[in-house]
Each structure stands twice: as C-alpha cells, then as structure tokens.
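Shown next are two forms of a single protein chain, provided one at a time as structure tokens under the names structure 1 and structure 2.
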Structure 1
C-alpha cells in the first residue's frame, strides 16, 4: 500500500477494494488492491481469542503500544494478481453490481484527480480488468479512462478535482462531485457496455464569501436501486444540500441518461448567523433512506436529518440533531450491527474515529485511535468490522464493532506496518 485513500466493499462483503493514491509519485501509477476479508476475519478471530493465537505463515507482531492490536504485513491479505493500475491521486471508489443473481460481477468507478479523469474497471469475482488487450499488471487503457463528455475529445473536458462518487446498480450510472468547481458529473455505465460521461452540470453552489472558492463534495443516494432515486450533493462553499435525479431513457442504446436539478434545503441546525453550516464533507443514509447523516467542518458537527417521505411523497429534509465532532473530519460510514445505527467519522488530523449514537439528541459514544491520517471508512455489518485507510502511514486499521465483544470499538488488526512519520 502507498497512500491508501478510498475503499469500498463488494456487496457480499467478501473482498475490500482499496485505492492507492501514489501521492509522493514514487511509483509510475496508482493502483487498486483487493483484500480477502475471510483471511482478515480468520486472523482477527484468532488474535481476539483469549489465547491470542499468532497466525501461521504471516509476518505479524503484537503492537507494543496497543497490546490488543496485531500488526501484519499487508501482503498476506491481498488477493494475488487481482488488482489493477490506474492514474495518480485516486480519491474514492464506488461499486456497481453488474451480475445477476449469484454472479459476482461488479464494476468499479474511481475518480482520479491527477489527470483528471474517471477510471472504470470490471471485476469477475477473481480479478479486476481494465486493459483486455495487455497481459500482466497493465495500466488501465484509454477506453477505461473517461476525460471528455460523451468520450469525444472535441467536446468539453471533465472538470478538475473529481472528488466523491456514488453508483447506482439498478440505474446503471454513477455521480461524481468536483471539489474546486462545484460541478457534478454523470457517468452512464450500462451493463455489458463501456462507461461514458453522459452529462455535467455546474453552478449548483455559491462561492465561499471568505475565500471565493466553490466546490461540490459528498454525494449519496437516498434509496439506491429504487426508480427515481434522489441524489443528495453537499458543498464545501455553500450551506445547502442540492437534490438531483437522473433521467434514464427507455432505450440506452440510442439515448444517454441526464441529470435533473431538483430542490435544495439549508443546513440550519448549527453554525453562525442563526444556523448555517458550510463545508460538508461526506454523507450517508440509513438503510431505509429515512435518515441522512452528514459531517460538516464549519462548524465541526455530525448532523442528522429526517428524510422520510411527507404526505406529499417528498422527503421532509428536517433537521433533527447536531453533535460536536473533530475539526478535520474527512469521511463517514453508518452501520447497524444489532443495536441500532452508529455513525463512524474519520478524523484525519487527530488520527481517530468518532463513534456517534445518532438516536435521540445524538451523542459521541466513543473515540477510537486508529493511526495517522484516517481517510476513508467502510463498514461491514455482516462481519461486525470497520475498515479504515490510514493515508499517512500506509495501513488499514480493522476495528471490531460487534456490540457484545470485549474489544468493541478497538483496533484488533492493522494490515501494513506503519511507515515512519
């Protein structure tokens, strides 16, 4: 691993896809690595057993500062010959299911800031593919690197700084935000065909009155897979959440989907001037779509909104609670492992994960030390685990989140040996 950033679980929680951003440009490209979570579970279960079993055949040692944590070289968990190479400075990963029934086929959509571009690659259950004409560990080819509208070099280029991404498997599309322009890009990703940039909308958000910057950040779908799903987009420069829908034509072979701008609502739960939160960084919905959780940096808060449907059939978008959190929150994950939703917030500056119980008035329940520069979080309720990429030390922290576990909310395994500061 080298500067790990975004990650995403397969829908069945079998593997974890992790982006290496190559932020020092030490190597000739970034990459996507694939981690086998069955091996992760076997190793962590043996270590959390009262006998603290050391795994055979792996390069592991007990953390001298946190004795409940086992540190192992990451090579023992990576699926051999399954990864792929892409451009530098990848940010996040979205996963689209492309197989029917038990077919494990997936498509990964990865915003890449270095080009800028959006890379797509297919997963067949055993390896990623994005350069079918080459052998070995080849760099993704040009058809898998999207940088122009309709993939036409004579048309508009992809806006700078692609940042966050959301994919809808049923709608067969992905939505990408842009950190420095406030634009939102729609990628058409039909099953069995190449992905293409179908639409770009801009001017959704006002610029920051203090800095003059504008930008779109977090993106999430309220009910992924449902017809007419509403996409929520946050901003680094505006105290609003913009709502979008995707128009999907009946015949995808003759017409591409397009973005439709909908209503918006203000973040008025916390902030100056009687409420006004600027700099939303990440968003997630409850499984039902009735709760929206978002993290904001100005002021540093986790905010909870009621997004259940009103009598008119439109989401209420009513603020319910706001909880103080760390100052440089980066990403958010929400999971229910048996005792209700918990929001897990990556605190990049402090090397911690804030655990918030968002029910009722909402409150911080625990703070977990995970490593230097926690960037992205993925939660696997079926495995009772939380995975955190530590950008500044090239590791992934594995956190036990089982409600009845003696090591709940503690790092039980660190994949990768932390590099020196």
Structure 2
C-alpha cells in the first residue's frame, strides 16, 4: 500500500477494494488493491480469541502500544494479481453491481485527481480488468480513463479535482463531485457498455465569500436500489445540499442521460453562531434512506437529517440532531450491526474515528485511535467490521464493531506495517 485513500466493499462484503494514491509519485502509477475479507476475518477472529492465536504463514506481530491490535504485513490479505493500475491521486472508489443475482460482477468507478480523470474497471469475481489483455494487475487503458465530456477529445475536459463519487447500480450511473469548481459530473455506466462522461452541471453552489472558491464535496444516493434515486450533493463553500436526479431521454440510444437539478435545502441545523455551516465533507444515508448523515468541517459536526418522505411524498429534509466532532473530519460511514445505526467518522488530523450514536439528540459514543491520517471508512455490517485507510502510514485498520464484543470499537488488526512519520 502506498498512500491509501478511498476504498469500497463489494456488495457481498467478500472483498475490499483499496485505492493507493501514490501521493509521493514513487511508483509509475496508482493502483487498486483487492483485500480478501475472509482472510481478514480469520486472522482477526483468531487474534481476538482468548487464546490470541497468531496466524500461520503471515508476517504478524502484536502492536506494542495497543496490545489488542495485531499488525500484519498487508501482502497476506491481498488477492494476488487481482488489482489494477490507474492514475495517481485516486480519491474515492464507488462500486456498481453489474452482475445479476449471484453473479459477482462489479464495476469500479474511481476519480483520480492527477489527470484529472475518472477510471472505470470491471471486476469478475477474481480480478479487475481495465484493458483488453487478460493479464493481472492491469494498467488501465485510455478507453477506461475518462477525461473528456462524452469521451470526445474535442469537447471540454473533466473539471479539476474530482473528489467524491457515488454509483447507483440500478440507475447504472455514477456521480462525481469536484472540490475546486463546484461542478458535478454524471458518468453513464450501462452494463455491458463502456462508461462515458454524460453531463456536467455547475453553478449549483455559492462561492466562499473569503476565498471565492466553489466546491462540491460529499455525494450520496438516498435509495440506491430503487429507480429514480435522488442524489444529494454537499458543498465545501456553501451551506447548501442540492438534490439531483438522473434523467434518461426517450431517445436513449442516441442521447446521453443528464442531470436534473431539484430542490435544495440549507444546513441551518447548527453553526449560526459559528460562521455558518459549510464544508460538508462526506454524506451517507441509512439503509432505508430515511436518515441522512453528513459531516461538516465548519462547525465540526455530524448532522442528522430526516429524509423520510413527508405526507406529500417528498423528502422532509429536516434537521434532527447534531453532534460536535473532531476538526478536519474526512469521511463518514454508517452501519447497523444490531444495535441501531452508528456513524463512524474519520478524523484525519487526530488519527481517530469518532463513533456517534445518532439516536435521540445524537452523541459521541466512543473515540477510536486508528493510526495516522485516517482517510476513508468502509463498514461491513455482515462481518461486524470497520475498515479504515490510514493515508499517512500506509495501513488499513480493522475495527471490531460487534455490539457485544469485548473488543468493540477497538482496532483488532492493522494490515500493513505503519510507515514511519
């Protein structure tokens, strides 16, 4: 691993896709590594067993500072030759299910800041492919690297600084936000066909009065499994949450889908006395779509919104609760492992994960020290595990989130040996 940033679980929680941003440009490209979560579970289960079983065949040792944690070289967990290589400075990963039923086929959509571009690659259950060859650890070719509108080099290039991405399997699209322009990009990703940059909208968000910058940041879909999913987009520079939908024209065979702007609402739940409520960094919905969780850097809060449908059939979009959290929060994941939703917030600056119980008025339930520079979080409720990329130390922390576990909310396994600061 080398500067791991975004990650995403396969929908069946079988594997974890991790983006290596290659932020120091030491290697010739960034990459996507694929982690086998069965092995991760086996190792962590053995380690958290009262006998503290050390895994055979893996290079592991007890963390001298956090004795409940086992540190292992990541190689033992990575599926050999399953990854792929792409541009530098990958930010996040979105996963689109492309196989029907038990077919494990997936498509990964990965924004990369270096070019800027969006890379897409397909997963067949055993390896990622993004070029015509059958070799493992493929270097993604140009058709898999989207950098112009409609993939037409004569049209405008993708806006700078792609930041976050959300993929909708049912709608077969992905939406990408841009940190420095406030633009939102639609990637059309039909099953069995190449992905294409279909539309870009801008001007959704006001600019920061101090810096003049506009920024679109967190993005999430309310009901990804249903048709007509509503996409919510947050901003770095504005206290606005914009709703978008994807329109598919009747002449779909000759025209691309487009983004339709819907209502917006303002983050007036907290921050009126703290300079407003802006710089939304990440958003996630509850499984039902009835709750929106988002993290703001200003003021540093987790905010909970009621997005259930009102009597009129339209989402309520009303603030329910807020919780003071760490400064410089980066991303957010939500999981219910049997004791209600919990919001897990990566605190990049503090090397911690804040665990927030959003019930009632919402409050911090625990603070987990995970490593340096936690960037992205993925939660696997079926495995009762939380995975955290530690950008500054090249590791992935595996956190036990089983409600009744003795090691609940503790890092039980660290994949990768922490790089020296």
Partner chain sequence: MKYLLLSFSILVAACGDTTSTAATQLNLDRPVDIAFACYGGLRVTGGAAATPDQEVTTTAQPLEACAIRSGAPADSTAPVPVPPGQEDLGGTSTKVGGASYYGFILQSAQGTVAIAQFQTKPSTSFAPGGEVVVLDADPLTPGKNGISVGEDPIAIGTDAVGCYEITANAGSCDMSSLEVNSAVSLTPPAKVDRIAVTNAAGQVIRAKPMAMAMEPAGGTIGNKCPAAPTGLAYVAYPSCHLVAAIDVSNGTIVGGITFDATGAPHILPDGNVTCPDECDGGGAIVPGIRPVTLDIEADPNLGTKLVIGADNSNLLTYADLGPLRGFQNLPLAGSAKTIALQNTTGSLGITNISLSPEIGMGGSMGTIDDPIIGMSAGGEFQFVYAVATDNTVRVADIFAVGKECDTQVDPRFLHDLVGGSAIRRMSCLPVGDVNTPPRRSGARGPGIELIGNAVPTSVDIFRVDPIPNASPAPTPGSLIGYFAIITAADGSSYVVNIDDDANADTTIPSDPIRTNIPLVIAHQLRDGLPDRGAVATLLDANSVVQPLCETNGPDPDATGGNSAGPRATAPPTRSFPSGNIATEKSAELPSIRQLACTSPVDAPTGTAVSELGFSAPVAVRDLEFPDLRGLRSDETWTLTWEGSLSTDSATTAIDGPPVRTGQMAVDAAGMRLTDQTHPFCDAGVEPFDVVQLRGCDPAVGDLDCAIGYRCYVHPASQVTGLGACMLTDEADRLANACKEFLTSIRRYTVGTTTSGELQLLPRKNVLKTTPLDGCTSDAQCASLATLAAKDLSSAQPGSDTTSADTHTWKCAIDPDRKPVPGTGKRCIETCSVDADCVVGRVCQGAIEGSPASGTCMEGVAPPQACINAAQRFELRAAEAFTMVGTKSGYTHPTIADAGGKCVRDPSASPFQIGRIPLIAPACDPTTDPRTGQKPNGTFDANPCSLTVDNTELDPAYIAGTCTAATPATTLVTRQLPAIKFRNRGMNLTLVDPTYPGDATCIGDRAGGLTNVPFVFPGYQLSFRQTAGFSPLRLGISPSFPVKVVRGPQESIWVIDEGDFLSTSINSPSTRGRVFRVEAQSLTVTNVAL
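On a predicted model such as this, the values are computed, not experimentally measured, just so you know. If you superpose the two forms and keep the largest set of C-alpha atoms that fall within 1.5 Å, you have the rigid core. Positions refer to the first chain, counted from 1.
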query	finding
Matching structure (the form predicted alone), either 1 or 2	1
After fitting the core, residue 249 CA displacement of 2 Å or more between structure 1 and structure 2	yes
